[in-house]
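This document opens with one chain alone, in structure tokens, the form predicted on its own.
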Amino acid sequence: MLIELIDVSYTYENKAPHERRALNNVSFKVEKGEVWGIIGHTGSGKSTLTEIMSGLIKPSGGEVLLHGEDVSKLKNPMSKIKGKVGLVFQYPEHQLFEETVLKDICFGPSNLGLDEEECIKRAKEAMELVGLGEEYATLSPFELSGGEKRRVAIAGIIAMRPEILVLDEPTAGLDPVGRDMLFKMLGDIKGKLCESIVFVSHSMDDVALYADKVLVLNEGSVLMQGSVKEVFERSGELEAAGLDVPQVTRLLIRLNEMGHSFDKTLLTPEAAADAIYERLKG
């Protein structure tokens, strides 16, 4: 187990007139090699959860265990979590600030106390993994396209070699081709510069295609969690909570309503197409 949250709660403006409960007794854990997708409505607590996981904020209650050690009670959780959990914010390209791409990517490793040689080595390795050639090293990050800026920002996090890479809406603003490229890139990164990945997404299709497990938040509480199939086969509960299901799932449900009998836990277009083809052939 890399990180585990046990009954974690968080309240904004605690004990103030406008206090707001963002998380309520949330528990889940990330094992080595897993890819988790976190889904839920806007305001369901997804971003707050990622900030607690990365040590940016302390929970109001509960425990955050990193390799079994409770870091939530530390005065500065970031001191223990830094370098272990890397958070990529939504629209991370807005965080770029250095003169060159190489300097920007080196910033994170340098904050870990590494010498210049090691920082540059890690930065170049990260650049290669995100598909940025050496010619980008001396360019200003502000001269790049939006997709390239996002790659620089992600490279700056993975150059720190976190065990867990956490991404808040990593595909926001990207077209379908850009989304596919990003998740392929994340697949290349996992197992090389990080052990596990957690990503927040509004896209049920992205979660169905790329996650192993899913955490569903609703008004700050866990509505359900489990494997992708376990979660999306409960499509009725998801829709009752106002959440969408993958397009493939919606198609199979509609076909079943028309009198056919398809496995609605088929999650990829290819699997659904094969099943429909076999039925038509039969």
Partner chain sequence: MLKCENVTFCYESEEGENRIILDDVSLQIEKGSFVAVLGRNGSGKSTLAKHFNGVLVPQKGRVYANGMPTDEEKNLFEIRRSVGMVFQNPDNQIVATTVEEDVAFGLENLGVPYEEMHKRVNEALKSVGMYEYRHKEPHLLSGGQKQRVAIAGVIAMKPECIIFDEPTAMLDPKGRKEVMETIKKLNGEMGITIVLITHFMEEAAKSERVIVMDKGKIVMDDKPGKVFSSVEEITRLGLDVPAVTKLCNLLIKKGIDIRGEMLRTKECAEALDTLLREREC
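What you see is a predicted model; the values in this text were computed from it and never measured. Residue numbers count along the first chain shown, from 1. Only the largest set of C-alpha atoms that superpose within 1.5 Å between the two forms is called the rigid core.
FYI, the form predicted together with the partner chain isn't displayed, but the following is about it.
Participant: Does the 4.5 Å heavy atom contact test between residue 272 and the partner chain in the predicted complex come out positive?
Facilitator: Flag for residue 272 set to yes.
Participant: Spell out, yes or no, whether the shortest heavy atom distance between residue 190 and the partner chain in the predicted complex is within 4.5 Å.
Facilitator: Heavy-atom contact with the partner chain at 4.5 Å: absent for residue 190.
Participant: Quick check on residue 202: any heavy atom within 4.5 Å of the partner chain in the predicted complex?
Facilitator: Yes - in the predicted complex, heavy atoms of residue 202 and the partner chain come within 4.5 Å of each other.
Participant: Hey, in the predicted complex, does residue 30 get a heavy atom within 4.5 angstroms of the partner chain?
Facilitator: Because no heavy atom of residue 30 falls inside 4.5 Å of the partner chain in the predicted complex, the answer is no.
Participant: Please name which of the stretches 116 to 124, 192 to 200, 177 to 185, 129 to 137 has residues with heavy atoms lying within 4.5 Å of the partner chain in the predicted complex.
Facilitator: One stretch meets the cut-off, namely 177 to 185.
Participant: Going through 235 to 255, which residues have a heavy atom within 4.5 Å of the partner chain in the predicted complex? Please give them in sequence order.
Facilitator: Stretch hits, in order: 244, 247, 248, 250, 251, 254, 255.
Participant: Against the rigid core, is the Cα displacement of residue 257 between this form and the one not shown at least 2 Å?
Facilitator: For residue 257, whose C-alpha is compared between this form and the one not shown after core superposition, the shift is 2 Å or more.
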